[in-house]
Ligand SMILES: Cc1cc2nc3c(=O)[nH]c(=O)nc-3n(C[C@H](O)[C@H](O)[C@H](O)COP(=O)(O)OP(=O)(O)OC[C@H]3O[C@@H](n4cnc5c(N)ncnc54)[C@H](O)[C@@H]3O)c2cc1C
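Taking the form predicted alone, here's one chain by itself in structure tokens.
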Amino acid sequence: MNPVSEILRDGDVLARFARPVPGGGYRYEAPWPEVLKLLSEIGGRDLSTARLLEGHLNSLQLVALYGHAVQQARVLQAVQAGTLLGVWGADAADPLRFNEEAIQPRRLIGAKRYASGAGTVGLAIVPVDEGGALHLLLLDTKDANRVDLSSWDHRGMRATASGIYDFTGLEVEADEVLGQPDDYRREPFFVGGIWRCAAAQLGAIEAIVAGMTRDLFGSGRDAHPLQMARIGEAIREARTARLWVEDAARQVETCAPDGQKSDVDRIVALSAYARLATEAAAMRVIDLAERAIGLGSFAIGHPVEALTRDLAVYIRQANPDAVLLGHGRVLARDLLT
């Protein structure tokens, strides 16, 4: 199944935030309230589509931040033609690296895994470690022979087609190197940008709460005080998550990258915590919905079934304990001043 939903084709979503500028490049003009509204609305309809759009927007922003005019023109032309972009960061068992034996031209060895939209993404940004520094590459990823989706057997988010893309033997041109080494790690757009993932998840949380409420009111079970209590608790969880995500989005997207390091660190920490708060809200809302609706919530075709299944997978992140402790220390310092 092609994971690119028609939702992404509607209203030129893929090129919406790329504003052309003289010289062929573009600016990434994406007011955070508009992006949050878009991601949460799509997340409430189809989380796989929202995940692909989040990666697309991340890529658009990175090229606008660090790409030169030729690279921006390439991306602008691609998205105006309906090309989906992606950012593929996770290395496969055979990590992506430069072939040290191929000096000119430079060639790659290895693969990326969890490459969302593999086989559909036409241009991807991929980080490559060389001597401890991350280099960003802007690469054509249309070669279906390099795609392996067999490993993507997760019970949720199946439509993202987050498989393996093998770059072995691919030649890297000079114009495919994006920015300077370690630009990828620059904040607040690296960890700080996690608010977009949380925005997509927020949309699913709110849609599950609405679906649970409609189910209970439609069947008359809202008359039971414990069921009404579940509705009330779910509304509270969703609202709390929204406040976290809105605050993170506003602070990250209005933060000056060249500002005080302590200020940037605090804003990044708040964004990381917004993701943690969204994860906690999602787990609670999923549990409440399944308890409230009962066995029917697991039936294929029930309004909350696909959302709960996909959300349970999407909220998982690598090493959340480190996020809690590391960024918690940053926020704790504010309490000591």
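In this text the structure is predicted, and so the values were computed from the model without any measurement. In case it trips you up, residue 1 is the first one in the sequence shown, and so on.
One more form of this protein, predicted together with the named molecule, exists but is not displayed; see below.
- A heavy atom within 4.5 Å of the named molecule in the model of the complex is found for one listed residue only; from I267, V87, A111, V191, this is V87.
- Between the named molecule and the residues L170, L139, L96, M157, the one pair within 4.5 Å by heavy atoms in the model of the complex involves M157.
- Candidate site formed by W32, T240 and W244: none of these residues places a non-hydrogen atom within 4.5 angstroms of the named molecule in the model of the complex.
- By the criterion of a heavy atom within 4.5 Å, F17 is excluded from the residues contacting the named molecule in the model of the complex.
- Interface membership of A115, defined by any non-hydrogen atom within 4.5 Å of the named molecule in the model of the complex, is confirmed.
- Proximity of P320 to the named molecule in the model of the complex falls within the 4.5 Å heavy atom cutoff.
- In the model of the complex, at least one heavy atom of W152 sits within 4.5 Å of a heavy atom of the named molecule.
- The partner is not drawn, yet in the model of the complex one stretch among 206-214, 139-147, 72-80, 88-96 has residues with heavy atoms inside 4.5 Å of the named molecule: 88-96.
- Taking a 4.5 Å heavy atom cutoff to the named molecule in the model of the complex, the contacting residues in 286-318 are V313, Y314, R316, Q317, A318.
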